[in-house]
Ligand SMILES: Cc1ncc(COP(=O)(O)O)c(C=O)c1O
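Shown below, as structure tokens, is a lone chain in the form predicted on its own; questions about how it binds or moves come after it.
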């Protein structure tokens, strides 16, 4: 990547660099609250406008600002509460227990689980539980986990932190986990298998029953990453869609993660990690009786937590209700089907990956540069998610995308984007500046360097911002 390309990526992180003051130290005198609120409101409304149009993939799962306002009111009542201190805030036990119970009921579980800050924490916590279980019960010292290459990368992050080897199995021609390949990667140090329902890249549900049976045959657990689909697939099944079994009805599934802050329409960040039994859940607990500060116990990685998230998540589930979830799921699934079938029938240059329900991924059917297609979509205000290995795009459908005319408008724009990519064949794509450079030691090193630079920039004040 050129310095200009990297500079453009980093520059895009600072749209307010020249229009607002930058605070590099605490102001000497308090800033008026009205001025603070006005500045925040201006940024929030500007940024929300894009998602409210329905042209964004994923990210905004609800899109109902009345719902957000209601949850904000609930959050306000508990924003200051530290739910670590249950003697002061016993309502947290009601909220947390009932969130777990409702999620477990939806997924045919046993009511055993925890609430976490999001999908990454749920996945990493599950890894920790399996590692501890295998160490204590089987004496495993070199733990590994077997999962398809499409399993969420947060698992790789957690494994990196915890010294767990991740063994990535290839996919079948249908872009699903190759169970036979997974079987070949298992040994006496394997602590768990993983499957997705559905995976982030392509929106497809792995053959969970087969993976769970494989896990059972080896006497190990199986985690289902339902972070994305966990609060949507049950409603799809009730609406009559063909959804393969993937939850606790499958023998051998021992844990599931499901994000309430996605299709549960709670505020970020909120997720639920469910276990089949309490023995596995207790592996994630931390208790330290010999600290001078007193007896310390914690259910997971977090210490202090705001009661606002737990209370507002509980409120979101109640305020939406079964009828609300079913109606919303119906709109999302219909919209996704319109786009999926529209690509298949009307855009021969593209190929839909697999047979998705709510997240539609597509790649070039020939030598078309899919990132040039993405360039043209971006120019028309659409924000899709670029993929790699293979190069592709995906559109994760949420409530804002169900607005009348959005699906048809997207298909029309997509056909124009394909024409643009055809006309500009051979030109470098702006949105493909990083994708495609990986896959070799040199390429991966370059990509990691670029990514590190971007992460650095995310934690710094705009270099040319006016000082306060």
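Numbering follows the first chain given and starts at 1. Please read these numbers as outputs of a predicted model, since none were measured by experiment.
What follows is about the form predicted together with the named molecule, which we do not show.
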Handout entry: Non-hydrogen atom contact residue 118 with the named molecule in the model of the complex at 4.5 angstroms
Key = yes
Problem - 4.5 Å heavy atom contact, residue 228 and the named molecule in the model of the complex - result: yes
Practice task
Flag residue 202 as yes or no: does it have a non-hydrogen atom within 4.5 angstroms of any non-hydrogen atom of the named molecule in the model of the complex?
Solution key: no
Problem - residue 262, heavy atom within 4.5 angstroms of the named molecule in the model of the complex - result: yes
Fill in the blank from the handout: Per contact check vs the named molecule in the model of the complex (non-hydrogen atom within 4.5 angstroms), the hit among 171-179, 139-147, 83-91, 194-202 is 194-202
Fill in the blank from the handout: Picking from 232, 211, 258, 123, the single residue whose non-hydrogen atoms come within 4.5 angstroms of the named molecule in the model of the complex is 123
Completion exercise
Contacts from 137-167 to the named molecule in the model of the complex (any heavy atom within 4.5 Å), listed N to C, are 152
